[in-house]
Structure formats: structure tokens, C-alpha cells
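Okay, so here's just one chain, in C-alpha cells, the form predicted alone.
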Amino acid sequence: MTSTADAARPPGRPRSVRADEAIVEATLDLLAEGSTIETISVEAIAARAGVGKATIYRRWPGKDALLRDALRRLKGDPPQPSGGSVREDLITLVSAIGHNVDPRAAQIMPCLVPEMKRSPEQYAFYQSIVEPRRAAMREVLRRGVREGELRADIDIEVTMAMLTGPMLIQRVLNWNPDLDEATLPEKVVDGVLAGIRAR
């Protein structure tokens, strides 16, 4: 008799998690070293990862799918608000904007901007990464309106732009080196809340 586990297991050799990791890491290393999305090749990724091209194509249908997975890994999962106060949840979300644990992100993410301007596909991919983060912030703001903590007439999308813009410009461009990055999220949130709190 075939067990449920046996029935669910796909035919052929099981995927090697180690190979998956090596391929994604090689992709991110090449991007951090200056390869662009357009010029990076599956051949170069395979050589850096120490695998054959066939190993990559067994896991991803093509370069674009691999790049999407690698960049999602680089960005990590969006932060999860605790559901406490609106202020605390907004500080959690704003603190994560432009902050990346992986140091390669500082080299890779700014280089993606020209790619997004040129390519509708890359822009759509960027939106797929950003939208879950926007959705989390949108829900915190809507909760604040529902519970009477925030004004009912606020423009949610504009409010999110006001919360996000200062963090991006500071963390991506270091717009003002005199700003304290450790306290900036809290100051941005408090500044915006001063204008949108219910009276």
C-alpha cells in the first residue's frame, strides 16, 4: 500500500536545499558586485554556485523567476505589527523601510531603480514586493480610523507616502547626515500623527 507521504513525494531525486541556497547566494553576490538584471546570466550564476545550468533550470523556469526569488530573499518578510497601539505599529513598519539585514541590499536595491524605469515587468515585480508592506500599513491606519484614534477624513494612501518618503530618502540617499537614524522612525510617525489624530 502507498502511504500519503509517498504519494505526495514527486518522482526523481529530492531537491537539494544546499544547492538552492548556493544558487540564490551566487545570484545576490553577482548583483552586489555590479551585474545588472539585464546582463547577469544563468551561466555566470551556475559557475559561481558550483552547479550546472540544468540544476538551475530544474528549480526555476528561467532567469527572471530566479531573480524574483533571490530579491524576495534579500528583502525578507515584511514586519508584522503587534496589533497594539497605532503609534507602536506604525513605528514598527516605518523602522523597516529601507532597512535590510543583508548588507548586499545597499549595493543591489539602488541599482534596480533604472531597471524598474525601463521595464514594466521589473516595475510590476517591485510592486509585488512593496504591496504587502503597504497593505500592512494601510490596515494599521484603517484600524486607527475605525477605532476613532485617527481622523475619519484622512487620505490613507497619501498618509502612507508621508510616512514612507522620509525613511527612504534618508536610508537610500543619506539625505541629511545629521539626522539620527535610530530615532528617525519615531519622529516621522509622531510628526504625521500630529496631523491625523482625531481631535
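Start at 1 with the first residue shown and count on from there. For the two forms, the rigid core is made up of the largest set of C-alpha atoms that agree within 1.5 Å on superposition. Just so we're clear, the structure is a prediction, and the values are computed from it rather than from any experiment.
This next part talks about the form predicted together with another copy of the chain, which is not shown.
- At a distance of at most 4.5 angstroms from another copy of the chain in the model of the complex, none of the three residues 17, 93 and 103 contributes a non-hydrogen atom.
- In the model of the complex, at least one heavy atom of residue 157 sits within 4.5 Å of another copy of the chain.
- At the 4.5 Å threshold, heavy atoms of residue 22 stay clear of another copy of the chain in the model of the complex, well away from it.
- Contact check for residue 53: no non-hydrogen atom falls within 4.5 Å of another copy of the chain in the model of the complex.
- Using a 4.5 angstroms threshold between heavy atoms, residue 171 counts as touching another copy of the chain in the model of the complex.
- The contact with another copy of the chain in the model of the complex, taken as any heavy atom within 4.5 Å, belongs to 151 out of 143, 151, 68, 58.
- Heavy atoms closer than or equal to 4.5 Å to another copy of the chain in the model of the complex belong, across 166 to 199, to the residues 166, 168, 169, 171, 172, 173, 174, 175, 176, 177, 179, 184, 187, 188, 191, 192, 193, 194, 195, 196, 197, 198, 199, ordered by sequence position.
- Comparing the forms between this form and the one not shown, the C-alpha position of residue 120 differs by less than 2 angstroms, with the core used for superposition.
- Once you line up the core between this form and the one not shown, the Cα of residue 103 ends up 2 Å or more from where it was.
- After superposing the rigid core, the C-alpha of residue 30 moves by 2 Å or more between this form and the one not shown.
- Shown here is a form in which the CA atoms of residue 63 and residue 134 lie at least 3 Å closer together than they do in the model of the complex.
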